[in-house]
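Just the one chain here, the form predicted on its own, laid out as structure tokens.
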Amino acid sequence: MIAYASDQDDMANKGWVLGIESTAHTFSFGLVDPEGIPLPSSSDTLRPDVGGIHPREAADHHVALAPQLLKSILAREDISSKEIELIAYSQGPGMGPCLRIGAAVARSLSTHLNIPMVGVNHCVAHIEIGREQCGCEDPILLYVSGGNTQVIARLDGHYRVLGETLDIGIGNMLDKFARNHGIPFPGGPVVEKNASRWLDQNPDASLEGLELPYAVHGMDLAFSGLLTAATKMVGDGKSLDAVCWSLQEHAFAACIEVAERALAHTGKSEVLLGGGVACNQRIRSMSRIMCGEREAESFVPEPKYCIDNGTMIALLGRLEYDQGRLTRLDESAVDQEMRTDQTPITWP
């Protein structure tokens, strides 16, 4: 067991924070410098030739890439491991085998360097990196990723989930649709490209004849019906590009509708997009249009901070550490089902 000092100095007066992200197909190290400034991550993503992400294959990828990625980020910033004062890692949610690799690396570094570590909530990290990068204060977060889709708001010291997917994450839905039609992982960007091509060729395109099921269920969402109906539509002879366009329009409109309801319910005036699907230009555009109509503001960080990255883990680790939170070795097990609202939010 590592013994830590009880009197913690302000992290701004200490050293570097190293963040480790390993929830799914991306393994990433990120840094926050002694002044609290996030720096770009050193990352590698498993991209299988066929099929989706297999957790064990992803974990093996993480094991193989860990030394190289760590050396790369330390060399890039011209620092040594001895200058690191804190290790942060994704404790959940995510794929069990992948999470366990990140946690094992964190334990090893913490023990070897004799420095503290803190396990953080992956979903909360997406929120905090978005807030830091965009300068928004108290947003509704529309979290759209491969494995998750949630609408989140801060209330009474927690990020509360106001609505979420009832079946699969929007990113997984787009990837599965793509895979059904011979498009390799990740399929979402290709769906976006196909949809854009269709719209360029059909600027007056209408959803007539391309209607898909309504994905909103109160404040929740369900995407499996969209996936089934869109796949059948291509099988019935509709153009793949046209169906990609329709699929995006229906899925993103559902997400923006629930985010708009959350704005109305909470009285907040900011929407922050996060997660890998937030890289998509169409959902960004829809959010801007909706917020403009409600006299609200729409924010989205750079793509490198929308996708999974170690920097967001380092940033949240720093926030947690400043609040006096550490993770002991006997508390460092991962939690695949960790919920967004499990983390106490005690910082401004």
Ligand code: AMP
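Numbers for residues come from their place in the sequence shown, where the first is 1. In this text the structure is predicted, and so the values were computed from the model without any measurement.
Not on display, but discussed next: the form predicted in complex with this ligand.
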* Structure fact -> Counting only non-hydrogen atoms, the one stretch of 188 to 196, 227 to 235, 257 to 265, 152 to 160 within 4.5 angstroms of this ligand in the predicted complex is 188 to 196
* Of 119, 276, 139, 94, which residue is found within 4.5 angstroms of this ligand in the predicted complex when only non-hydrogen atoms are counted? -> 276
* Structure fact -> As a check of understanding, the residue in 110, 165, 246, 145 with any heavy atom within 4.5 Å of this ligand in the predicted complex should be identified as 145
* Though only this chain appears here, would residue 174 touch this ligand in the predicted complex if you measure heavy atom gaps against 4.5 Å? -> yes
* Is residue 306 close enough to touch this ligand in the predicted complex, meaning at least one heavy atom pair within 4.5 Å? -> yes
* this ligand contact at residue 280 in the predicted complex, heavy atom, 4.5 Å -> yes
* Heavy atom within 4.5 Å of this ligand in the predicted complex - qualifying residues of 115 to 144 -> 126
